[in-house]
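The data below hold one chain only, encoded as structure tokens and taken in the form predicted on its own.
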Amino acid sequence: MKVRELEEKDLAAITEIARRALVLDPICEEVVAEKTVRAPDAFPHLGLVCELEGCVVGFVQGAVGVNTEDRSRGYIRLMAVDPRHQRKGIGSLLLAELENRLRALGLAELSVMDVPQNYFMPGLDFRYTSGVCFLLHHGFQMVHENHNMLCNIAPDQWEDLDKQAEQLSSEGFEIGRASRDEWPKVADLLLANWPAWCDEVRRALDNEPPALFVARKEDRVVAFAAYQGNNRAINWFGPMGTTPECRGRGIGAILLRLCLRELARQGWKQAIIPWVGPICFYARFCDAWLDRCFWVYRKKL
């Protein structure tokens, strides 16, 4: 077996490995590329593949925290071993090499999948029993759990949505799709309230058309909702937020539904709401229900 750095030419092979191994997840080449060789925060030397008799049989993509609270933390963003070659030490070999490279960067901790700036899923789905056993065997401990929600969507689901948005103009709010030249105002809102979301929201704004809706008041952006800033090729909603002094006016519900309507217009029948905090908000305003549960594992390096 040989471990080497992951390259663009490996993309088709690692996508097929992910399809075989991560059977509970929506796998496509675009998403795998976004998490590995084409990641906006890519660390090429933290992407590794394992070859057996000249064939790629497993891979891991690492990442490094960029926010103030996690700069000493490394991550496994995505990892899979071909089921036909599991239990041969391939995963252990990849993990050991990644850990060595993270230690060389001076990092003190390794976390699994919950990398804020560009994550695939917010932890390991607890139903991946072999994955749980692998992490426990290698000294990881489960520290908390995250949840995804699902909701059904349709283009005509909220017929009076545009009217509701217009009605808020009487209170001084303007609601609409963000433009790229508004990024400084969006960034001001994020840095004051949710700095960890800056990268994801910026990527949503860079989509064509911008996958970001905002509420404006007195030349400020006071609320936002995004979609497909992360996992751009699938039916991904979020994040969203309203500045504290503007809450309670229904702004968040309108922005949420505007984003969900756009996903429905793309042809999606459901939307994934990942890494959920306010469960009751989504249950109320888009009839979402709790779906997947993810366990976050960490270890000291």
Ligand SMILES: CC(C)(COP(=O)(O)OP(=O)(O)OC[C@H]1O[C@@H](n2cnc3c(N)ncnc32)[C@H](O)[C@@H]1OP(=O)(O)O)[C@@H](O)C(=O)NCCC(=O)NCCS
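Quick caveat: nothing in here was measured; it's all calculated off a predicted structure. Residue positions are given as counts along the sequence shown, with the first one as 1.
The form predicted together with this ligand exists for this protein as well; it is not shown, and the discussion that follows is about that form.
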item: Interface residue in the model of the complex among H138, R103, R220, R180, criterion: non-hydrogen atom within 4.5 angstroms of this ligand; value: H138
item: In the model of the complex, the one of A215, V112, L98, A211 near this ligand [non-hydrogen atom within 4.5 angstroms]; value: V112
item: Non-hydrogen atom within 4.5 Å of this ligand in the model of the complex for each of L161, G248 and I254; value: no
item: N118: touches this ligand in the model of the complex, heavy atom cutoff 4.5 angstroms; value: no
item: Heavy atom of G89 within 4.5 Å of this ligand in the model of the complex; value: yes
item: Contact test in the model of the complex: Q167 vs this ligand, heavy atoms, 4.5 Å; value: no
item: Non-hydrogen atom contact L190 with this ligand in the model of the complex at 4.5 angstroms; value: no
item: Heavy atom contact within 4.5 Å of this ligand in the model of the complex, the stretch among 121-129, 167-175, 151-159, 200-208; value: 121-129
